[in-house]
Ligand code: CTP
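In the form predicted on its own, a lone chain appears below as C-alpha cells.
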Amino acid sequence: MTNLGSRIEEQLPAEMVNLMQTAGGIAAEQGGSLYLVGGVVRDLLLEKANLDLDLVVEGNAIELAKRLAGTKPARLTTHPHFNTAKLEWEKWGVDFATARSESYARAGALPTVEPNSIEKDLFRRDFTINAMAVCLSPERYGELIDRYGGQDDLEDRLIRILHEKSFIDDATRIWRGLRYEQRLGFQLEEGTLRLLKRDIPMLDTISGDRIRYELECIFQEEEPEKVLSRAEELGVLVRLHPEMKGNGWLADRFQAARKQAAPGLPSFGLYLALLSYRLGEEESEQLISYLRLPGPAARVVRDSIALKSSLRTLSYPELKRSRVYHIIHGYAQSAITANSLAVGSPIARQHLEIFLHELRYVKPTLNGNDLIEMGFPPCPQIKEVLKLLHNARLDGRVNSKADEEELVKEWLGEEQL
C-alpha cells in the first residue's frame, strides 16, 4: 500500500503539514476521519508544487474548522448549507468539506449532495487522477486511497472519467479534461475521448456563468492556446461561437501578450478580446450575453471590436500625434493592447503602441485656473483652450510650462485684436 507521509513533509510547508496533522487528530477525537483530496494528491505523486489544500472529513467539516480556528489567529468562513468551511491566515488558506455523494436531477443541473463516505466523495469527482485521497488520521497517516485507478492513470499519462455519464452529469468536465490534458502533457483515455465527443452537445445544458469560469481557469494556464487548439480540433470551441478559431494566429498573439505582461499573466479581458477578435459587433454581443460577462470584461470585448474599425485610419503614416490620441483615447487599455497585437499594419501597430506607452500620459501643465489668472474669462471656451493646449503638447509644439504660457499669450493677443 502506497504511503505519501514522507512526500507530504518533503513537498509541503511545515506549517501546512503541522495543521493537517493537528486537524487529523481533532477529527479522530470527534469520531471521524480526515483526508487530503483532489489535485494536491495528484501533484504529490507527480512531485509538482501545489498549495491548494482541500480537506475532506467523514464527519462535520464546520465543527472541525471551528476547533482548528481556536488554535491559531485565523479567519473562519462557513457555509452551513453546503457544510463547508475555509480557514485563512497570513498567506495560507485551507478548504474543509464534509465527505458527500452527489446526484443530478437533470443533465447540467447543479448536484444534490448528502453526507457519505470518502469512497463516494471521490467517485463524484471528474477524473481518476483527481479522485485520490491521503488519510490524515493519526493511525493511518499518509495512506493513499485510490479506489478508481488514479495512480495507474498518472503513470500511463491518461485522463479518464470515472463513469459513462460523467460528461452528461456535468459537461464542464469536457473543458476541464482538455485543460488537464494540455497542462500535464497527458492524453484523453480512448473511452473518455469517445464519450467526450459524444457528449459535446451537453455543453448547451451548462449556464454561461459556469462556462465563463472554465475559460477563466484556462486563461490561468501557462499556455492556454494549447487548450483552445485542442478544443477546436475536437469541435468544442465552436460551442462558444461558430466563428472562433484556436489556430496558430491565436497562439502567436497569446504568446506575444504574455511577453508584454511578464512577469504576470495577461488579463482575462485581453485573452478573451484576442480569442473573439475576428467576431463582428453582433457576434461579440452574442458572446457577451452567453458568457454573462461582467462589465469590465464586456467593455474590453466591445472596445476591441469597435477600435478595429479605426485601424485603417491609424494606418496612415502622416497622422498627427494629437489625431492618434483622439482616435484611441477612451477605449479600455486591454482593448488597445489586443488591437496592437492583432493588427496587420505595422504603422497602425506603431500608433497604438505610441498611445499605450507615451501619448496617454501626456497632459498640459496649465489648468483652468491658470488660464483665468492669465486673462481668460471663466467660460466654456476654457475647456476648448485646454484641449488645444493638450494637442500642442501631443504634437510637440510646446514642451514646457513656459512654452504653454507663451502660446496662451499669443491666443490672448489674437483675441484682443
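All residue numbers refer to positions in the sequence shown, first residue = 1. Because the structure is a prediction, the values reported are computed rather than measured.
The protein also exists as the form predicted together with cytidine-5'-triphosphate; that form is not presented, and the subsequent description refers to it.
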Check: Even though cytidine-5'-triphosphate is not shown here, does it sit in the model of the complex so that G39, R125 and T172 each have a heavy atom within 4.5 Å?
Finding: yes
Notebook entry, point to check: With cytidine-5'-triphosphate left out of view, which of E384, D52, E47, E29 would have a heavy atom within 4.5 Å of it in the model of the complex?
Noted result: D52
Checklist line | Option touching cytidine-5'-triphosphate, based on a heavy atom within 4.5 Å in the model of the complex, out of Y141, Y277, Y180, F268 | finding: Y180
Note to self: Would you classify K226 as touching cytidine-5'-triphosphate in the model of the complex, given a 4.5 Å non-hydrogen atom cut-off?
What the structure shows: no
Next item on the list: Answer with yes or no whether R176 is in contact with cytidine-5'-triphosphate in the model of the complex, where contact means some heavy atom within 4.5 Å.
Entry: yes
Item checked: in the model of the complex, T84 touching cytidine-5'-triphosphate (heavy atom, 4.5 Å) -> no
Checklist line | Proximity of N130 to cytidine-5'-triphosphate in the model of the complex, heavy atoms at 4.5 Å | finding: yes
Check: If we take heavy atoms and a 4.5 Å cut-off, which stretch out of 334 to 342, 268 to 276, 180 to 188, 228 to 236 is in contact with cytidine-5'-triphosphate in the model of the complex?
Finding: 180 to 188
